[in-house]
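Shown below, as structure tokens, is a lone chain in the form predicted alone; questions about how it binds or moves come after it.
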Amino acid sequence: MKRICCLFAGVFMVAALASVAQAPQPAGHWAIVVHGGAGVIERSKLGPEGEAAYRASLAKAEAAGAGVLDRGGSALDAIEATINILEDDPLFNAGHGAVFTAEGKNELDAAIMDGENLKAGAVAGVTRTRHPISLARAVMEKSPYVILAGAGADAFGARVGLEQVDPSFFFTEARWQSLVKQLQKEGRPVPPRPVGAPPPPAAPPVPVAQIDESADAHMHGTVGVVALDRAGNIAAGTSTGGLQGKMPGRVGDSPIIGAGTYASNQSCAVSATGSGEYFIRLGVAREICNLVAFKGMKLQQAADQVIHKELEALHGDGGVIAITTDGQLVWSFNTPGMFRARQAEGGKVEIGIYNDEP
């Protein structure tokens, strides 16, 4: 709690810089916003190489989604294509490169929602499906349910033809070493090295991002996308490995519809990243959309109200990306940084990391 409070003290002065909207877009134009997590992300810790790597990864993922939209694809298609790339990128806490539970396992969560009809699908505690976001979409489109969890979710994924992998597929040495350091620091037992993982290296790997392990609890690498297609429909999707060192079975806000993920053509689409328990208590994603729908707030104003006032009042940290059917593209976060990118049809790609960037 002390660390969070200290974090806020340094963030208040730059809050406005962490909340910059784009102007609405012409009717019939597509738009997309991507995030790769928020938290204690600082230039001094990330370093030039880490910064370049993250910017390149964000650009690659955003380009995939933008390409889908530019070819006339749906917002859902763009979201799935973008998050599939991020789930395979070890820089982010989703899919390959996800953080470990206290028992040394990867438990993955994801959700997707269609703003046109309020259909939604989510999964929690996935351990074998390569792309949890694709599994969440399958739950939405090929089952009568909204959320499936654990082995049952993976089994459903196998039945509908989604790629299944050995749990060791999600292992990365950098994430493992980060878990070991955290557990040792906290005086908790270190679990055995996962079965199927490669043998330990002679020397621990140097991660691309030089982020202090002391900040790991507030380095939320969840990934998410919100998109608007040419048909005028919006959608949202989120995928995550959760909190490092979490209790097995813990589920955060990402797969909870209305908390970490929400979309409605009548209001907005939101994907969140942060301290999930607080996002669940507030129903952050739906709260933002309610302010737009029922209070008549502009999207940026609504996002800032929830992130910088309501969330901070509970001492929660993190951020959101959001979009409306008229093409308002925003992000808002109360942390030193958030990996993010956005683009509207005909415009340039904007990529940001720190809270002093537009």
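Position 1 is the first residue in the sequence shown; the rest follow in order. A quick note: this is a predicted structure, and the numbers were derived from the prediction, not measured.
Omitted here: the form predicted together with a small molecule. The next part is about that form.
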Notebook entry, point to check: With the cut-off set at 4.5 Å between non-hydrogen atoms, does residue 271 touch the small molecule in the predicted bound form?
Noted result: no
Note to self: How about residue 276 - does it come within 4.5 Å of the small molecule in the predicted bound form, if we only consider non-hydrogen atoms?
What the structure shows: yes
Next item on the list: Although the small molecule is absent from this view, report whether residue 115 comes within 4.5 Å of it in the predicted bound form, heavy atoms only.
Entry: no
Note to self: Can you work out whether residue 121 and the small molecule are in contact in the predicted bound form, taking contact to mean some heavy atom pair no more than 4.5 Å apart?
What the structure shows: no
Notebook entry, point to check: Do all of 240, 243 and 254 end up near the small molecule in the predicted bound form, with near meaning a heavy atom within 4.5 Å?
Noted result: yes
Check: Which residue among 230, 286, 96, 250 has a heavy atom within 4.5 angstroms of the small molecule in the predicted bound form?
Finding: 250
Item checked: Segment that reaches the small molecule in the predicted bound form - one of 135 to 143, 84 to 92, 221 to 229, 170 to 178, heavy atoms within 4.5 Å -> 221 to 229
